[in-house]
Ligand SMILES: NC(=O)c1ccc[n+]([C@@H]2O[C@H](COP(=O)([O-])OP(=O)(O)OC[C@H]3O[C@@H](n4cnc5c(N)ncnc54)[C@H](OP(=O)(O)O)[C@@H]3O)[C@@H](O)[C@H]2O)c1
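Okay, here we've got a single chain as structure tokens, the form predicted on its own, with questions on binding and movement later.
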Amino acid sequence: MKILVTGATGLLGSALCPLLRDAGHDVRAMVRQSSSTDLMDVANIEIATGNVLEPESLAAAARGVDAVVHAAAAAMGRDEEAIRRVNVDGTYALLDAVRKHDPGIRFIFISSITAGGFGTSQHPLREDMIPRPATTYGRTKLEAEEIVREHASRMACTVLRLPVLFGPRDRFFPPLYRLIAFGITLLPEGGSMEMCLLHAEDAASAVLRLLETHDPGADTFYVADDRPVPWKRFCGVVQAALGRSVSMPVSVNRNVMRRAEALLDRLRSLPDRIERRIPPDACPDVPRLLLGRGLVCDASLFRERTGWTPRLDLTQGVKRTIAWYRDHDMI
């Protein structure tokens, strides 16, 4: 099977492309002109330059493929319209390009647990629940899902709502790793918030299993390990992987996070010359996520339909992640 992967240099894409290749598939990795593949395994992988914000670049990337895995996304940022252009308009443009070439192409859209909203161990998110996204990222992912479903009558489309991913090339957790390496562990609300976590390699294996499952019989699946992890435990596993025997816990209460959310929201009103100097990840979505009840889903439907199970447990996944960051002098 010839498979196009968008977002190929990202957290999921960089794990997925070599996995698909090693499974015997022909892989075409779509990367932006400005993206670097230096830290990727690109041996025997075709590289196609393309950008979902440039519809004219998508035709060549989509030509001649049997399946598309759309993993390109804008996750964090203060410019909500910029995020929407990538996640919503970009998805429409790619679907349009794919449909013009071959409406029989299989299309897998990589969405997020945040499209469903918040869930806990007692009340996990399920496919039959009404989505209630609480972040810009989640809202734009849900909008893109609707566009994908509108195309489902013309091509085989599947939406995968992935949980919180970690691994090499992640942008969300490295500041936490560096802080713990320094000797400080931040614990929002005492670190009790639970998350479904998944290493990028296991997320990639879920996509591969879906591609090799002829008809999973549903258009949307949550994908996750079935063991939610409290934030405090995750930090403890990171601390152990870093080899630190002691790290000072710093609890951040809800009032502080709400003030941080309001402050980060106001940054968007600063003059452009000042706003451009602030990291784009310093956005209100971060405290909004940490203020949530939890990011827990029930992924039993996907496991039942495909037989997929994750291979790495939390400790193994974190050790491999920390080793990668150390090998690349990023911690």
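Quick note: we count residues from 1 along the sequence shown, nothing fancier. Just so we're clear, the structure is a prediction, and the values are computed from it rather than from any experiment.
The discussion below concerns the form predicted in complex with the named molecule, not included here.
Candidate site formed by 210, 224 and 309: none of these residues places a non-hydrogen atom within 4.5 angstroms of the named molecule in the predicted bound form. Interface residue among 305, 63, 293, 32 relative to the named molecule in the predicted bound form, by the heavy atom within 4.5 Å criterion: 32. Residue-level contacts in the predicted bound form: of 228, 119, 188, 163, one residue has a heavy atom within 4.5 Å of the named molecule, and it is 163. In the predicted bound form, the named molecule sits beyond 4.5 Å of every heavy atom of residue 154.
A residue is said to contact a partner when one of its heavy atoms sits within 4.5 Å of a partner heavy atom; residue 137 meets this definition for the named molecule in the predicted bound form. Contact annotation: residue 71 falls within 4.5 Å of the named molecule in the predicted bound form, judged by heavy atom distances. Heavy atoms of residue 12 reach within 4.5 Å of the named molecule in the predicted bound form, making it an interface residue. Picking from 178-186, 254-262, 137-145, 122-130 the stretch near the named molecule in the predicted bound form, with a 4.5 Å limit on heavy atoms, gives 137-145.
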